[in-house]
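Encoded as structure tokens, the following chain is the form predicted alone, with no partner shown.
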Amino acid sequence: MTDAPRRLSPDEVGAVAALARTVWQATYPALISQAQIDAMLADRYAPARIHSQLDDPCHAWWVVGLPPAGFAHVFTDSNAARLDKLYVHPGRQRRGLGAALLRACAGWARAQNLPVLRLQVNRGNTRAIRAYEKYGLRIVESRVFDIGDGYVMDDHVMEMRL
């Protein structure tokens, strides 16, 4: 596979942040406000934050494609791996890139001896929910998470045993 996942390099951080904006603008305007999209992108994709995670052995960032067409971020969270981000460019979806990124994250989690891979997905993001279910994740909880500044995430928590 020419688009096999590889670890994110520091020089690709800007490209990942730009890709995140492209994917979020294609996905989230029908689900959350533009102000919340902008705030979450600014927080979650701040270069200093990503660079610090690249240096932290409890975090792993993966990317596919040149330039990046998709990326994922997973980290240790108590006794589970938390899949925090998994996004693929809208024009490259449904070609196995997301599945490859998910496998890379699950493999990393197994190497950390973590028994569960867990994620949150917006309840209205039905395409993502169906994709995650296809790969073996199941909804275990649904709730609203207060993320500050008057914003919330209305999410399903999904997980799979590793």
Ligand SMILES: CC(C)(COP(=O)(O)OP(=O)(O)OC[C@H]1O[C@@H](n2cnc3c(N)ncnc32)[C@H](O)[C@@H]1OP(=O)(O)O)[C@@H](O)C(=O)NCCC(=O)NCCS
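When you see a residue number, it is the position in the sequence shown, counting from 1. No experiment lies behind these values; they were computed from the predicted model shown.
Here the subject shifts to the form predicted in complex with this ligand, a form of this protein not shown in this document.
Flag residue 88 as yes or no: does it have a non-hydrogen atom within 4.5 angstroms of any non-hydrogen atom of this ligand in the predicted complex?
Contact with this ligand, yes.
request  = With heavy atoms only and a cut-off of 4.5 Å, decide whether residue 62 touches this ligand in the predicted complex.
outcome  = Answer no; every heavy atom of residue 62 is more than 4.5 Å from this ligand in the predicted complex.
- Contact of residue 95 with this ligand in the predicted complex (heavy atom, 4.5 Å): Looking in the predicted complex, residue contacts with this ligand include residue 95, since a heavy atom lies within 4.5 Å.
### Message
With the partner left out here, check for me: in the predicted complex, does some heavy atom of residue 17 sit within 4.5 Å of this ligand?
### Response
Because no heavy atom of residue 17 falls inside 4.5 Å of this ligand in the predicted complex, the answer is no.
Which residue, 53, 36, 112, 27, has a heavy atom that falls within 4.5 Å of this ligand in the predicted complex?
-> Result of the distance check: 27.
Go through 99, 116, 32, 40 and name the one with a heavy atom inside 4.5 Å of this ligand in the predicted complex. Answer to the contact question: 99.
**Q.** Stretch 111 to 148: residues contacting this ligand in the predicted complex, 4.5 Å heavy atom cut-off
**A.** Going through 111 to 148 in order - heavy atoms within 4.5 Å of this ligand in the predicted complex - the hits are 120, 121, 125, 127, 128, 130, 131, 132, 134, 135.
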